[in-house]
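Before any questions on binding or motion, here is one chain by itself as structure tokens, the form predicted alone.
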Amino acid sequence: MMSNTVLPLLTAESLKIQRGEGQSAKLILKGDAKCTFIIETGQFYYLTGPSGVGKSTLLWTLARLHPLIAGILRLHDIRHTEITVARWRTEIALLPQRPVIMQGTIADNLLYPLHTFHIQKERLKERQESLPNVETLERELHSVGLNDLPLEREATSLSGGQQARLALIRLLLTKPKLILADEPTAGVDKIAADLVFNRLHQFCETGGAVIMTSHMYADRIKNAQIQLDGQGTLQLIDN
């Protein structure tokens, strides 16, 4: 008889993570049972903890951009060692604090991952989808208040807040399952920050999940928190 149990989107088991090497190495998570948590589809999580405790390092590790010393990551029920890094990053995507905006038009930047990376082209083929058309790109830009920007505008000419929103839409177009947002509202004005924040919540409402670090929205924390304590362990608090 088949089980109807819904598996967690991501399971992190007994993670051991450090930043740096040798005598200057800083232990972020020490790898015991208190370094375990699960991420559920449709949920928004805040990653909290004192400054310098390793929040960004944890996000980069979950994206497999930083080495995991010990422990297991599972995407649904598949170990990270059984999934290529390229495939992993199509499902679990990092939105860095300072996104890279390339020279070229807004449209060039939005479509770059989809027509440049082999793994993204494979996913489009698997889903029998084509590249997003002009109407789709304009609709996505509109969702973060960039509806007044022509697609042919040079992307590097945008303000910091506009570039942050452009980077978010570029990531969303790749259709990840989990977004790791590392201070995505840092250095932008309140209006732009709210648009990014709200769009990430919409992503969760339509079946995605988000783990976000942010000092700006510390007073709005109503969702689950993943708290790093600075002693090598963490705690998942469901509010």
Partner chain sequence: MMTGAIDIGWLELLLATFFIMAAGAVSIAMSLGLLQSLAIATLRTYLQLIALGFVLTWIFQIYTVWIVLGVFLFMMLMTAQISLKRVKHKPPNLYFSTLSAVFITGIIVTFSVTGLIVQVEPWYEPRYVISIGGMVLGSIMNGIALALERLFDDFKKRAAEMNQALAFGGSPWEASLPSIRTAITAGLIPTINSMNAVGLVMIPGMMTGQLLAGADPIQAAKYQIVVMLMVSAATALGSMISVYFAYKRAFDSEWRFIF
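Treat the numbers as computed from the prediction; the structure is a model and nothing was measured. Residue numbers count along the first chain shown, from 1.
The following text describes the form predicted in complex with its partner chain, which does not appear among the structures shown.
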message = Counting any non-hydrogen atom inside 4.5 Å, which residue from 145, 71, 96, 132 sits next to its partner chain in the predicted complex?
response = 96
message = I need to confirm a contact call. Of 66, 199, 177, 30, which residue comes within 4.5 Å of its partner chain in the predicted complex, counting heavy atoms only?
response = 66
request  = Run the contact test on 11, 14 and 58 with a 4.5 Å heavy atom cut-off to its partner chain in the predicted complex and return yes or no.
outcome  = no
query = With the partner removed from view, which of 151-159, 137-145, 97-105, 124-132 is the stretch that lies within 4.5 Å of its partner chain in the predicted complex, judged by heavy atom distances?
reply = 97-105
key: Contact label in the predicted complex: residue 171 to its partner chain, heavy atom within 4.5 Å   = yes
message = With the partner left out here, check for me: in the predicted complex, does some heavy atom of residue 163 sit within 4.5 Å of its partner chain?
response = no
request  = Please run the contact check for residue 119 against its partner chain in the predicted complex: heavy atoms, 4.5 angstroms, yes or no?
outcome  = yes
query = Heavy atom to heavy atom, is residue 86 within 4.5 Å of its partner chain in the predicted complex?
reply = yes
